[in-house]
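Each of the two blocks below gives one form of the same protein chain as structure tokens; they are labelled structure 1 and structure 2.
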Structure 1
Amino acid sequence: MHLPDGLLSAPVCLGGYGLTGLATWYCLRQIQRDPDVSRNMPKASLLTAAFFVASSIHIPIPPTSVHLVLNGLLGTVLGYYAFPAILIGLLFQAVILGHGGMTVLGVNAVMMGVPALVAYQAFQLRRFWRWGSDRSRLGIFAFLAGALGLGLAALIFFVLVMTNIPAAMDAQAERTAIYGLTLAHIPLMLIEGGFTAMLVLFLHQVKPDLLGHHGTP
């Protein structure tokens, strides 16, 4: 899922940093309006660590393998905290694990962070859904948010790579590989959606206040 150094042109990388700066500023502004930042910071730190570790858990889906991303989970549980959490996780993944790179850090942050914010908004839509019990609504919308976050990230990855294949490479072979890699993320969407739903239902049962306010919507 991580875009590597050298794949994208300099203007695209600079544009990624610009969008990341704008999104980070907006999210921090929303977080400042959170009446209880100190309560949410430990939760954000814990899920940042989970995001960092997730990239090392590979799931073989022939003919390739994918790794957990959990950006939809972070968006669902953390709200506006998710984007800076993902940015920090990506920075450590690039420096320590070599996943992605520094020149594409901004693009990778947009690719995984913006879908996390979309997942957060999708999870909030449960408030307007009148059918079913509170628990069933939580589970359904958490599943959709978790799957949506990863699906949007995979779609952005697909568009960026398909439109930036270096001329020196075999374009047809690269396209075939990219199609296969993107399709391999469909079962991963179900896995991450299911994991997000289970975590949200667990938190709802043992600590429901952890699913509460995450800054001003």
Structure 2
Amino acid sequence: MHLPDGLLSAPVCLGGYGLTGLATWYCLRQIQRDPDVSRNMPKASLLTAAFFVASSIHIPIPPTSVHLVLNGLLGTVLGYYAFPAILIGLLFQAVILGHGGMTVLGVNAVMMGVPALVAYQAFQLRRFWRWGSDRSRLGIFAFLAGALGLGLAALIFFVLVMTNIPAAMDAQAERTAIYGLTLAHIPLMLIEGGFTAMLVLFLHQVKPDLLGHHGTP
């Protein structure tokens, strides 16, 4: 789910770069508050590469298969490092695989990165939730973060695609298509949420350090 080069007009692309600049500045400022940036930076970098590779895993859904977006998971594990990590991952995808593109890098980073930050905040809400065991809280909020990450990204994607097609479309048809396509993503949100919850529970069991403190790795 990447917007490709050539679909959006230059002002939208430049707007995307502007918003990405702002979000990157904010995240880097939060990262600088981390008392051990030089220690966490290599961790975030290697995890960025691992996420890039892990997103190529295809989940079999008969008769086909889907590959996961993992932006909610990135937010959950990396916290504020998630936005730079997504920016880097998208650059690799544009340059290496031809997914996305250079002019739309900013727009794609906002589309994937802002939902990742929302997912991170959603995952943090578990601290205020009193009911259930630690494990069930972790699973529920990881599910929420994974599903929210994909759902928000899909919503932004369809709004951008529908409103930027050069030839005019009927406004009502456009609205219906956006609602329809976003609702069609609900099964994928459930899969992404379920996968995120399973993975977070696995990490909690095997390597709890990886889930970090205050969202930093």
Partner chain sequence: MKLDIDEYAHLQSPIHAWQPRYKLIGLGALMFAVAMVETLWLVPVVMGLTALLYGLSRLPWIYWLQRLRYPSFFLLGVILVLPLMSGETVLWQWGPLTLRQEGCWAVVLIVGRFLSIITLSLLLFGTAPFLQTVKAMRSLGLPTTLTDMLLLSYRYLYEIADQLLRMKQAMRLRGFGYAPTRRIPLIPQRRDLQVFASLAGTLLIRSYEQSERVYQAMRLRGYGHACSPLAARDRPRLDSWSAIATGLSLTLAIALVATEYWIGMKA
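Quantities reported herein were computed from a predicted structural model and do not represent experimental measurements. Definition used throughout: the rigid core is the maximal C-alpha set that superposes within 1.5 Å between two forms. Counting starts at 1 and follows the sequence of structure 1.
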Checklist entry - Just one question: which structure is the form predicted in complex with the partner chain? => result 2
Checklist entry - Core-aligned, what's the Cα displacement of residue 177 between structures 1 and 2 in Å? => result 8.1
Item to check | Per-residue C-alpha deviation between structures 1 and 2 [residue 56; rigid core superposition; Å] | outcome: 4.1
